[in-house]
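A lone chain, given as structure tokens: the form predicted on its own.
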Amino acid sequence: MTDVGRHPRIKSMTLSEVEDVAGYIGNFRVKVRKKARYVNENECTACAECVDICPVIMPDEYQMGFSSRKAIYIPFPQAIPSSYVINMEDCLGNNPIACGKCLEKCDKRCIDFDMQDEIIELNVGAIVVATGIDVYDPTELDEYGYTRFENVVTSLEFERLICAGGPTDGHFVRPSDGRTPKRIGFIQCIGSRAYKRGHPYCSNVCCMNTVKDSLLLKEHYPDTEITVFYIDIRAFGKGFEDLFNRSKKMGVRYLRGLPDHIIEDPDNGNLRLKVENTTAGRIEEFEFDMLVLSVGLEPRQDGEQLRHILSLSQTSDGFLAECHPKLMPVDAPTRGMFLAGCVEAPKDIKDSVTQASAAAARAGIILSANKIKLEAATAVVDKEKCTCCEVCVPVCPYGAITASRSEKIPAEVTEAMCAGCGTCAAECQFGAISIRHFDDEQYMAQIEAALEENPRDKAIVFACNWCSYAASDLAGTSRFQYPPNIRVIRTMCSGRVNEKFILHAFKLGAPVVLVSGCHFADCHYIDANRWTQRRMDRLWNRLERLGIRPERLQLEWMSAAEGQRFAQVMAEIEEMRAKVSRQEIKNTKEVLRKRESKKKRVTAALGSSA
């Protein structure tokens, strides 16, 4: 961080948060709130005289509460700028002044209790999101006694206890009595690979962090007895298996099985537990001086707010979703934004640095270009048809459409922000929006071509380009068998499927229509598939009112990796198709023809009266 602070072309804004982001690739406008430090960072020399006189003592968050800090402090040794900051929630000198001792002690008059937050607006060409992660709080796992037993600590607290710059100056002691522990147990997967309490995913770094910690202990305290309780040791990185074997050779015992309950001995503070050794097939009892809970990683608590500000999408586990896991692993779905580090998924330092370098390179390409190349599939508004209803404005997941009903300003699309999902075109009731290369006439022509011969023997499937259509490709390359009479029509997003496409297919004699797309949390276009769900709900109700079985319109979510599921769903669609009788298809066609004729008469009557 010191190098960052000294770099002439890097502007570091600490104690700041992003409040709003507008604009598009190459032309972002970022509003940042720089919070008041109540200390002039340019004048402060970090002499620490204000700290010595401050009467307030609070737990030090950086040292995980094992030591204390004052109300005026430097958050951590490498913090930039190297000046003090006042936490006004702790300070006694807030209005009205009850203390003010630091103000009197500061000879350079750096302290200003009247300092206010500052709003700064920045114009930037690209944005890299690298906000990191939080660690799991194991308090809810009451069986492990965290917060009840002093000698049960998390892996992050353990790191502070063994750190040379930690609260004990690198002397490893247990919290209850300050003695050096001789028997230490590590419990893996705390908050990870759990479905009821915790998270279902693997946090990636926990196993090797424990291996590293065990090696450090063995090197500095060779007589320490260390036991690691685990489900599976995942040492997949370069050189990781060697470290794991080295740890075992140094005497660290690895036992496959997790304890179910921990009891503290009130006389000496030792911890007792029973565990099923699943390798040996027996119950074993242990007593430790100290237990370390290897806690997993989880998305930041404030990540949801940032996600909405930046118009980003997230995966089912809460981390931010990349544009494509293989082809665009650092690009966010919103053009001009990139992801780095654990904001995208749990990863170690090496992977974080690699991804950060890739994100910087991708951002550099944008900043060095004179022009930005866009995909041709973008939305176009016919302003003569537009009624300024503003329906399309909230639909766009990227905020690319602006309109004003009150001022009668037709919809306008910022092409640099448009990703071409087509949800706006599907929601527009007046046909005022079209998508280049994916317009309504093309889809209608595909439906008509598919149902030109023997329509009763065909099933129409609208497939999202990024997930369900990719799943159909995977089903083919994996040689999964599914009925040959399925007619797949590719859309960029399930949100592009207009109601009239489905009704047109039914009118031409299609027995069954399937709309398929990404899972809710994995939408390539942030949340466009949620509009698909709303549209299908409306259409099911309309079909029921028209006397058409709603079951003939199906909606399925699947990922690009679910080729087998695609084949299974197609088999189910074929079974459903076989149960639709000729008479039912005939009645459907008649009902829809009458509906269309009535609609034309109403339109003609309105036109003549106007």
Partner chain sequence: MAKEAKLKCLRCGYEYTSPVSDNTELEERTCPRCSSNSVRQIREEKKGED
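Residue numbers count along the first chain shown, from 1. Everything numeric in this text was worked out from a predicted model, so none of it was measured. What we label the rigid core is the largest C-alpha set whose atoms superpose within 1.5 Å from one form to the other.
One more form of this protein, predicted in complex with the partner chain, exists but is not displayed; see below.
* Can all three of D537, E544 and V569 be found with a heavy atom no more than 4.5 Å from the partner chain in the model of the complex? -> Yes, the whole trio is in contact, each within 4.5 Å by some heavy atom.
* Asked: Taking heavy atoms and a 4.5 Å cut-off, does C44 contact the partner chain in the model of the complex?
  -> No - in the model of the complex, heavy atoms of C44 and the partner chain never come within 4.5 Å of each other.
* Report yes if any heavy atom of M576 sits within 4.5 Å of a heavy atom of the partner chain in the model of the complex; otherwise report no. => Yes - in the model of the complex, heavy atoms of M576 and the partner chain come within 4.5 Å of each other.
* Asked: Does any heavy atom of L555 come within 4.5 Å of a heavy atom of the partner chain in the model of the complex?
  -> Yes, contact at 4.5 Å.
* Asked: Quick one: is R193 in contact with the partner chain in the model of the complex, heavy atoms, 4.5 Å cut-off?
  -> So R193 does not count as contacting the partner chain.
* Asked: Of these, H261, R179, H519, K105, which has a heavy atom no more than 4.5 Å from the partner chain in the model of the complex?
  -> None of the other options qualify; the answer is H519.
* **Answer option from F506, F462, Y84, W531, heavy atom within 4.5 Å of the partner chain in the model of the complex** => Contact check passes for W531.
* **Heavy atom contact within 4.5 Å of the partner chain in the model of the complex, the stretch among 375-383, 307-315, 113-121, 417-425** => That would be 307-315.
* Answer yes if the CA of E298 moves 2 Å or more between the shown form and the other one after aligning the rigid core, and no otherwise. => No, the C-alpha moves less than 2 Å.
* To do: Once the core is aligned, please say if the CA of E43 is shifted by at least 2 angstroms between the shown form and the other one.
  => Stays below the 2 Å threshold, so no.
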